[in-house]
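The form predicted on its own is given below as one chain in structure tokens.
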């Protein structure tokens, strides 16, 4: 490492939440002009660490120094003013405001006490250009942007504050592949300008491409700091999870594709985004949806679950025609369907409510009689789900927002398993989840499949499609362009199909 002085130093940082020790005597040094990856499972202490840096959380013990001077931030605004800016995984944008309004919201430019709209637009345009997103219009409403574009606006908002230390918490988890490369270019440019970057990601290939230094946390403690590239991926993962990393994906089952499919669609089309899609998923089968992001995979899942209006074509359950016109009908016992959404924060959970309430919400009819809850049944089902998914929780009465990202995702999945579904639709369920929790989810999916549940699984991770799925339907332009099965599910075949090019041409 460089002999120059750290730009940001943290010493002996400890933070408790009730009886839970989120950070224990944690140290970290961030050098200028370097990208420092902070690694660890969800619940390892990473989020608490960056919240302390960013002035969101006040530590119980320890101190911080910025450029050699002791600092303590009572608010995020104070941290921003000192040059420490964080892009959190949970977006802070206000949907009903414009992109420009969001970018300057903390310090709007004024003239004679009135917001200077021309200057605001100039600042927003510059910030968007700095983020590699000049194609986003400053006047666009945030609510009209897809999730990947909102993430870019969040990054532009951070860059507008001219950070000395930029903290990126899973900043690429919602981005398309094209936007990821743009963000990488921005991060490398900031490093070359002497900025310090704190980078949190569960995607090991991103760490390999970007990081100069790495620090691993586990159970609230710093385990190791090392130069990027000095350890193999397996060695890093073993530091993170505290055990040998092997058998990432459980063995696949031998599914007999006899009898009627659990769910099938015939010639499904919608609004130019879905084009004549026909597929089927049998009981016990895990079928993947592949392809580049934004090729209709999410819309297909929404259409099958009754979310979209104006869908043409036919849907069958257990070989019989069905009409699922809305999600409430999809979740009924006769339909037996569940949808694990893309964004757990806004689509899957009610954050201020308790863990127990979130778990029970979709299954109230199963734990009540004539509108009266059976408290004993509720408690038993909650504990059953906590045990089944190994949700790390001090009490089910705590707000679900108090859980780590991985445990929140487990709650989303457990909420739907309360209904004992026979068809499970998953929309990129491991996005932003640590490797240990991913393994648990993979094992759960295989157990569900082995019990006869039909699973349709969209993932942006090729390894997941290869490791989890019995068949993969690759989508391009809202249509299925190729079906891969068994040994034919390879990274090469997935990439070639996702680009809708002939594999022979790739070899040639």
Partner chain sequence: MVEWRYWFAENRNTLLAVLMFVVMFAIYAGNHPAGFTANVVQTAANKATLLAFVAMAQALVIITSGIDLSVGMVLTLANCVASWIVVGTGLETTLGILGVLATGALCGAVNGLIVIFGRLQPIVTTIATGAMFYGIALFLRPFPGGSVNETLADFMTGKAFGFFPMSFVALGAVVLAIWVPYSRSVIGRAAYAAGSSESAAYMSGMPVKLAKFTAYVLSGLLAAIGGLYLTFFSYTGEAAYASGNTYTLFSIAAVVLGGVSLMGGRGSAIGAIFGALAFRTIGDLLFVFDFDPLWQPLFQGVVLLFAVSISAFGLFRVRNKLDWFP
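So that the term is clear: the rigid core is the largest set of C-alpha atoms that superpose within 1.5 Å between two forms. Remember, it's a predicted structure, so these values are computed and weren't measured experimentally. Positions refer to the first chain, counted from 1.
The following text describes the form predicted together with the partner chain, which does not appear among the structures shown.
*Asks:* When the contact criterion is heavy atoms within 4.5 Å, does residue 347 count as touching the partner chain in the predicted bound form?
*Replies:* Flag for residue 347 set to yes.
*Asks:* My question is simply whether residue 375 lines the interface with the partner chain in the predicted bound form - judged by any non-hydrogen atom within 4.5 Å.
*Replies:* Answer no; every heavy atom of residue 375 is more than 4.5 Å from the partner chain in the predicted bound form.
*Asks:* Find out whether any non-hydrogen atom of residue 368 is located within 4.5 angstroms of the partner chain in the predicted bound form, and reply yes or no.
*Replies:* Residue 368 lies outside the contact set for the partner chain.
*Asks:* Please run the contact check for residue 157 against the partner chain in the predicted bound form: heavy atoms, 4.5 angstroms, yes or no?
*Replies:* Contact with the partner chain, yes.
*Asks:* Would 139, 302 and 307 all count as contacting the partner chain in the predicted bound form, using a 4.5 Å heavy atom cut-off?
*Replies:* The answer is yes; 139, 302 and 307 each reach the partner chain.
*Asks:* Of these, 193, 96, 397, 387, which has a heavy atom no more than 4.5 Å from the partner chain in the predicted bound form?
*Replies:* Exactly one listed residue reaches within 4.5 Å, namely 96.
*Asks:* Going by heavy atom distances of 4.5 angstroms or less, which of 430, 407, 120, 201 would be at the interface with the partner chain in the predicted bound form?
*Replies:* Of the listed residues, the single hit is 120.
*Asks:* So if I measure heavy atom distances to the partner chain in the predicted bound form, which of the stretches 389 to 397, 408 to 416, 309 to 317, 287 to 295 falls within 4.5 Å?
*Replies:* Answer to the contact question: 309 to 317.
*Asks:* Does any residue in 92 to 116 get within 4.5 Å of the partner chain in the predicted bound form, counting heavy atoms only, and if so which ones?
*Replies:* Going through 92 to 116 in order - heavy atoms within 4.5 Å of the partner chain in the predicted bound form - the hits are 92, 93, 94, 95, 96, 97, 101, 104, 105, 106, 108, 110, 113, 114, 115.
*Asks:* Would residue 313 count as moving between the shown form and the other one, using a Cα shift of 2 angstroms or more after superposing the core as the test?
*Replies:* Result for residue 313: no, shift under 2 Å.
*Asks:* I want to check residue 114: does it shift between the shown form and the other one by 2 Å or more at the Cα, with the core superposed?
*Replies:* Indeed, residue 114 is displaced by 2 Å or more.
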